[in-house]
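The chain that follows stands alone, in the form predicted alone, written as structure tokens.
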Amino acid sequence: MAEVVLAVTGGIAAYKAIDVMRILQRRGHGVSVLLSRSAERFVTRGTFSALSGRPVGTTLFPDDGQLDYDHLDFARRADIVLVCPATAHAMAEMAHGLAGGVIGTTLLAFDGPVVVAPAMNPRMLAHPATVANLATLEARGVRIVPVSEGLLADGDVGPGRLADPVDICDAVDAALAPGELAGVRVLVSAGGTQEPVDAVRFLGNRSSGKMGWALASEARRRGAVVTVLASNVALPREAGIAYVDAPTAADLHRETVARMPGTDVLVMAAAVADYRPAAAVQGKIDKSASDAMRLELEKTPDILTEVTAARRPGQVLVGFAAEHGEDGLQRAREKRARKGVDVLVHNDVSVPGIGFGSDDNAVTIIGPGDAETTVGPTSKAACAAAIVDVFAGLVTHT
């Protein structure tokens, strides 16, 4: 079974980490424990050491008499890290990459799955800083175990209690289980290309890359080996995903074509410019030279059509169509037929509050076959999950 590092941070719920450890052990996992200084006020190092049969990490440096102590060994031997309970302070440190103690250092040195089980006062949980930190951790692929509601140790009633130990251990096992896309190589394009007019100006679009980012994160969560071709995306990059910058349509074309032979699923979520200046000006155009300026534009390569024509058996291709207006869905259906992709995702960018730059979206997934599935309005993460559900069913595991 797996090697679990159980990181226990301060709070009265720390005593429940003993139950969590015992359940994990009964399920066959090896458990090594890290304790924060605050956690030691509630449960001693000796308790965890006696029950785990292993040394407990509390400091970055060895105590007197501890031979061959290396705090990075915890990260090296772990298959998964569970932070339980996770205080607001601990999650803030995780979100901001602070490594002032053995727990923070271990998390920064660890590139495998991480599960976090929060526990805190309801008002602390609802504070915008905590909400933002939780969102940051989730965006990086950290699995958050939802808190439960009820009477807390400080007398308040509401959400903030540590989840049931069995539920926490179930989350660990789920994070360790190979996903349905385990080993599948997924290539996702995200963002919007920018085509140079001169050294400072470009033709571009409003795509933020949030939909592509959500798709990449969801595919990785299900075990896929994910590469993202990023076109001008200013979003946090998730550990465990490979990113390649492709700012222009030409860059995106080159990188996509080069990677297609080793790709099982292509998800073409980037908004690619249809036209670009035929010749970008070296330097900056002087606007005082004329009251008007004419740009000669040329078509960019049709990446999706090209890779579809050259696809090998078993490859799955997913396209996107950002359309405007009531006829957009029909145009998307026609685009799918014209491009020859397995699945095409349509979204109507004329609808306020969804699409470009928003955290939400509403899509119609066209395909496979004659199937059409409408999702949303909902979060882009939820849309991504629905899209991955569809293409995961098309992947042939060999």
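It should be emphasised that the depicted structure is a prediction, and the values quoted were computed from it without experimental measurement. Numbering starts at 1 and follows the sequence shown.
Not pictured, yet referred to below: the form predicted together with a small molecule.
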_I need the one stretch from 72-80, 180-188, 205-213, 273-281 whose residues put non-hydrogen atoms within 4.5 angstroms of the small molecule in the predicted bound form._
273-281
*Can you check whether I168 is within 4.5 Å of the small molecule in the predicted bound form, heavy atom basis?*
no
*How about Q315: is it within 4.5 Å of the small molecule in the predicted bound form, going by heavy atoms?*
no
*asked:* Considering non-hydrogen atoms and a 4.5 Å limit, does the small molecule approach G160 in the predicted bound form?
replied: no
_Against the small molecule in the predicted bound form, would R54 count as a contact residue? Criterion: heavy atoms within 4.5 Å._
no
*So in the predicted bound form, are P301, G319 and R338 all sitting within 4.5 Å of the small molecule, heavy atoms only?*
yes
*Of the options M91, M268, A230, M120, which one has a non-hydrogen atom that comes within 4.5 Å of the small molecule in the predicted bound form?*
M268
